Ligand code: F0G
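As a starting point, one isolated chain is supplied in structure tokens, in the form predicted alone.
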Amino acid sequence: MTLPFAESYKIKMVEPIYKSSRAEREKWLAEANYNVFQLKAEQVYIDLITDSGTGAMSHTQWAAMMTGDESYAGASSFYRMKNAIEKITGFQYVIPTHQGRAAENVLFSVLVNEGDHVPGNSHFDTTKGHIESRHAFAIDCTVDEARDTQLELPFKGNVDVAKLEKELSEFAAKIPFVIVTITNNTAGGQPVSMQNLREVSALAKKYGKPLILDSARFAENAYFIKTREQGYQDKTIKEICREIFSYADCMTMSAKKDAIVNMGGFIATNRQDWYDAAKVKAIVYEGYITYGGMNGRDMDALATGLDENTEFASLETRIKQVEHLAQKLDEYGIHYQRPAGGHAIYIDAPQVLTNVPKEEFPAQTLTVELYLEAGVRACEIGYLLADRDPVTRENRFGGLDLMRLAIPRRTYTNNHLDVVAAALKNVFDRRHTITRGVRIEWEAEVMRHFTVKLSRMKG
């Protein structure tokens, strides 16, 4: 008989988690103003709010931390990290930062000016926030197919080349660069094909515009290219990664994802002019250019994690676990962004809570209901995260309204995910009784979902 799939690791250390009561969760969530970001970690049973910095490092990463060089300038840890990044990406200039949004802040401080247009594929919250906080415009050029969550296509994270060319032709003077996020988080963790990257790169060059890759989950994107795109089945993940980055001028990365570290990020490029300008901002915002807000031990863990997680077995184990949760939801008839993405399952909230109007934020309401049901913390990737239009100040209801179940790497077992699926089924079974959602009592101007205060609508 065919052997079942099993993880490519064994568990060496465990951490207890607390099972709370419904009454406790009701109290805690009210105190948190129905914003799960404001909950304390010990109030959460299974935490799927993010896969960023929440993965379990390997024994070799822990060992590498013991070699960390904490010198302020010129630490050997930096050069080991730099060499690992250059080997995988081909970029020779590296600026470390404490996380991905810091890399965006440093780079965009150099490149983005008021009134600029920055086209890309569904900019994620920090990317959009760094653009709009500079009074520029994030222009979404994602393929229209990404809006249909039940459509099965292998690369729903792709850039619509026709949309991009229209933007480039109309606003060329205002466009500092094109940015592509791999995988496309806002569209449901969907990958971008190599063919699409090739076409976007050629189009950007046609108009004399650089291409930046938001690369938090580039290794997972490479896995999907290998398993879904013709001509790449026999390529290694590292070979695919080198081709991916050959089409770009620069990358930013939150290493808390595909490098499986608790903290860290970087900018990498072959453009010396960008490097020279960005390193000045890095010193102002992050620290000296050979540590950039990171400890030496964390840079060594990052270097090791990049090498390990650009191997097929590691990625297959991770993505198979995401697929396991998807299969459970298929059994229960719960709609999510199909096909299952690389790091999370994104529930199509308006398809679940059909009686909750968009003005009352169905995905956030579903996030609240899931936590109350079983202490599972998810994350809204929808109307709240979209913020208000910077010009009209109206809520942006034009995109998808998703609840993301982000699965930390090597942290939970499939039994935990079975609990998540069962809890979601319980909410789904009583969905017709949920007729009201939440309303905003207070919000920040940018990236409001992190600190927003909400109340539950009654009726």
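Predicted model, so just to flag it, every value in this text is computed and none were measured. Numbering starts at 1 and follows the sequence shown.
Another form, the form predicted in complex with the ligand, is not on view; read the next lines as being about it.
In the predicted complex, the ligand sits within 4.5 Å of a heavy atom of Gly100. Although the partner is absent here, Glu104 is a contact residue: one of its heavy atoms lies within 4.5 angstroms of the ligand in the predicted complex. Remark: Asn414 does not count among the residues lining the ligand in the predicted complex, judged by a heavy atom distance of 4.5 Å or less.
The closest heavy atom approach of Ala216 to the ligand in the predicted complex falls within 4.5 Å. Of the residues given (Lys226, Arg338, Lys256, Arg318), Lys256 alone sits with a heavy atom within 4.5 Å of the ligand in the predicted complex. This chain is drawn without the ligand; in the predicted complex, the residue among Asn426, Thr50, Thr67, Asn395 with a heavy atom within 4.5 Å of it is Thr50. The stretch from 153 to 161, 275 to 283, 120 to 128, 190 to 198 that comes within 4.5 Å of the ligand in the predicted complex, counting heavy atoms only, is 120 to 128. Residues Thr181, Asn185 are the members of 167 to 194 with a non-hydrogen atom no more than 4.5 angstroms from the ligand in the predicted complex.
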